[in-house]
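Taken one at a time, structure 1 and structure 2 that follow are two forms of one protein chain, written as structure tokens.
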Structure 1
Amino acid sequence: MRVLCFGSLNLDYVYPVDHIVRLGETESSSGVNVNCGGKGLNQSVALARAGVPVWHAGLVGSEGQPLIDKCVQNGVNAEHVHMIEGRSGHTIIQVDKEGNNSILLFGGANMCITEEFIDEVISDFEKDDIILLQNEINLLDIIIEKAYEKGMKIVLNPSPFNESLEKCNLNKISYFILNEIEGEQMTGIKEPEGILEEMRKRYPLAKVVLTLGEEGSLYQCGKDIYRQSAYKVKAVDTTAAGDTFTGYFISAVIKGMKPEEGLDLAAKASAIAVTRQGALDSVPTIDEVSRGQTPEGV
């Protein structure tokens, strides 16, 4: 069983500012940091650091070589990451003195996926391989259809939740991994148990992982529900917590671990991630998770 993450790769331009720019205002920044990110890349790196061989598929623009390099440096197979003309997906992020941010996202190359490219990628995988998807690329509905036809197990993190998901046949999803906000957006229900019940009614064949921040997480398979508490740590940056959780949980599925073991592993990994600054750089390795490398210990 192999795992393919078909998703976004972004360059993040982060500008420290005194305050978030207001309408009509011009403000100077004290500097700029350029980081590699995107939910797809974040989750691929999390899988790789969890000790699972992972292939990434996606597109970058002419300035996107650092994104390909980041895949290679982290042991992610990048043979299906192609460079095209134009700009890579990127964000412009303002961060004020209190840590509040404002983010402008440009899809760039992430929104240039073609059906021909999808066919090329899917043809390299087999029945029962896992494909992990988010919602930061175009033609997500076509990817789901072709992966389903191939017999792949489809894992969807429906983030960001928007109207493009309405085109997707979500009855073909094997696993949903979503947070409580996305759960409410999908079901119209706020209570975690109500979200799970509604998801079971709509998608009875799918397994659902619902993350609840400091309240832990829930896993549902049919009428069986497993609960996992969050590990208590001092959080400094929650940017990559969800992507770390997703990568580590899927790694547990691939390794044949029980659902409760997978939830616990993912909770430990995400607890470590939030004690560190940054996105990709905060994702722990499996050795760090095994040793419990957080300031308080996990």
Structure 2
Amino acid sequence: MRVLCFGSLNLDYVYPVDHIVRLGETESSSGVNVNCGGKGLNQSVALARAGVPVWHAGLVGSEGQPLIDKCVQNGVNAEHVHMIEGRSGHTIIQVDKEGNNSILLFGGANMCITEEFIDEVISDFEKDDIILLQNEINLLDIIIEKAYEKGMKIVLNPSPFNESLEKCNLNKISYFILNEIEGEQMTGIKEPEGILEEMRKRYPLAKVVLTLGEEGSLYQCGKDIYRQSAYKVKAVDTTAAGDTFTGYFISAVIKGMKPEEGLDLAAKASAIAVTRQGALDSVPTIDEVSRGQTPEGV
């Protein structure tokens, strides 16, 4: 069984700020870092650092070579990452003193996926392979259709949540991994248990992981619900914490770990990620997670 992550690759322009800039306000930043990120690439790197071979598919623009290099350096297969004319996806990320962020996203090359490219990628995979998707690329609905036709198991992290998800047939999803804000956007319900109940009604065959930030996470599989607490650490930058959780949780599924073990592994990995600056550079390796390496000692 192989894992394909078909998703975004972004250059993240990260600005440390005192507070997230308010409407109409101008605020100075003390510096800027340019990091490699994108929900897709972060999740591929999380899978790879968790010890799972992963293939990434996506598009970068003419300045996107560092994103391809990051794949290679992390052991992510990049044969389906192509460079096209124009700009790569990029973000402007403000990170405040508590490690909270706000992200402005420009899709760039990520929004230039074609049906021909989708066919080329999917034809390289088999029935029962896993495809991991987020919502930072175009033609997500077509990718879901074609992956489903192929018999692949589809994992969807519906992030960021927006109207383009309405075109997708979500009955074809095997796993949803989402946070409580996306859960509310999808179901109109605020309470975590209510979100899970509604998800079970709408998608009875799908398994659902709902992350709740400092409140931990929940995993619903049929009528069973597993609960996981969050590890308490001092956050410096929460960027890619959700991506780390997603990659590590899926790695646990692939390795055949029990749900409670998978949730715990993912909680530990994302706790380490928030103690580090940056997007994919903050994702720990499986050795670091096993040794509990973090300043606070997860």
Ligand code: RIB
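Small disclaimer: the values here were computed from a predicted structure and weren't measured. Reference numbering: structure 1, starting with residue 1. Note that the rigid core is defined as the largest set of C-alphas that superpose within 1.5 Å between two forms.
Both panels show the same chain in isolation, but it is structure 2 that comes from the form predicted together with ligand RIB.
Fitting the two forms on the rigid core leaves the C-alpha of residue 20 displaced by at least 2 angstroms between structures 1 and 2. With the core held fixed, the Cα of residue 29 is displaced between structures 1 and 2 by 2 Å or more.
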